[in-house]
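Just the one chain here, laid out as structure tokens, in the form predicted on its own.
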Amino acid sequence: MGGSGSRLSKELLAEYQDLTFLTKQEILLGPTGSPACARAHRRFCELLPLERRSMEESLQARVSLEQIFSLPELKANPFRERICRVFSTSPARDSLSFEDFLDLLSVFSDTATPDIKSHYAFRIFDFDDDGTLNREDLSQLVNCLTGEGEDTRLSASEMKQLIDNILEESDIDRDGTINLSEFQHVISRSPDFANSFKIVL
């Protein structure tokens, strides 16, 4: 990319680094031989129309969730819609800005802390956005993981038993829901969580 209009200012780059778990190389356009995650800005710009790909335009643009879903890293993820809606700052939660996209990549990066990862996992799994994981949230979570086809969908009795087991194990205060601290307590006992909760471009 060419002139000064195609580069992030040092101040903006420093701000992005301060506000995310991403390195300068992960934020900027990475050279061809760089790690895949070093292409965040380029990958975002590829989703924009050609006339919106300048640095200034791309920092103001928003990309629809449908376009974000086209990324191979999200295409097969059963939580792709929830992931994008949680990170979207648009009033309708139907698009991502470059900063939203950086936030998403930051949380799903290897360097994000387990607390940050578990906080966002909780928000993604809280389908009704009420601050707790209730039976309906847990049912939707299980359906996302198992698929909703006739051959993979759990029967009503299997689903009830599974949710009862989840609540028995996780609902410390016995209020019938899982709050953030209960969720984080469960996640803290899962050593593979941080390694599996990532997206690498």
Partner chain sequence: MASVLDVPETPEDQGREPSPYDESEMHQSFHLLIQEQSQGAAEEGLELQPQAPGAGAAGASAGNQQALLGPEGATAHSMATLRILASMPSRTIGRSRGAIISQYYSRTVRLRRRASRPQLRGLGRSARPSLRLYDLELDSTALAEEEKRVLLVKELQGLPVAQRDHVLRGMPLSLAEKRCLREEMRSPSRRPRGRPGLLGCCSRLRYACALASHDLGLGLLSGLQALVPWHYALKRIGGQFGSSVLSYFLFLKTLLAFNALLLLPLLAFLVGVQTAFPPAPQGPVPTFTGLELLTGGGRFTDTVMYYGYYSNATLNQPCADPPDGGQCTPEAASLPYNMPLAYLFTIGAAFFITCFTLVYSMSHSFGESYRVGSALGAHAITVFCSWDHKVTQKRASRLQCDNIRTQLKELLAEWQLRRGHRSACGRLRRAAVLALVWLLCLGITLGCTVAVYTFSEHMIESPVPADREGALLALPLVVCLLNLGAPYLYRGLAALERHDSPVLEVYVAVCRNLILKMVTLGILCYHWLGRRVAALQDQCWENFVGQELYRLMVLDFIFTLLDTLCGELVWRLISERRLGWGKPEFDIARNVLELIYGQTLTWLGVLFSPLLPAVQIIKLLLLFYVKKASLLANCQAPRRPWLASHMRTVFISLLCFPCFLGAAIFLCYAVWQVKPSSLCGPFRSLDSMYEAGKVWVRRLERAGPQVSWLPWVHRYLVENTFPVYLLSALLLAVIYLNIQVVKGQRKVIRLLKEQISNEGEDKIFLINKLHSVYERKERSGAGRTQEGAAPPARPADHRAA
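Just so it is clear, the model here is predicted, and its values are computed rather than measured. What we label the rigid core is the largest C-alpha set whose atoms superpose within 1.5 Å from one form to the other. Residue numbers count along the first chain shown, from 1.
Another form exists, predicted together with the partner chain; not displayed. Remarks below refer to it.
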Look up in the predicted complex whether residue 190 has a non-hydrogen atom within 4.5 angstroms of the partner chain, and give yes or no.
yes
Taking heavy atoms and a 4.5 Å cut-off, does residue 94 contact the partner chain in the predicted complex?
no
Indicate whether residue 48 is a 4.5 Å heavy atom neighbour of the partner chain in the predicted complex.
no
Using a 4.5 Å heavy atom cut-off, state whether residue 63 contacts the partner chain in the predicted complex.
no
Pick out the residues of 93-130 whose heavy atoms come within 4.5 Å of the partner chain in the predicted complex.
93, 99, 102, 103, 108, 111, 115, 116, 119, 120, 122, 123, 125, 128, 129, 130
Is residue 180 one of the residues whose Cα moves 2 Å or more between this form and the one not shown, with the core superposed?
no
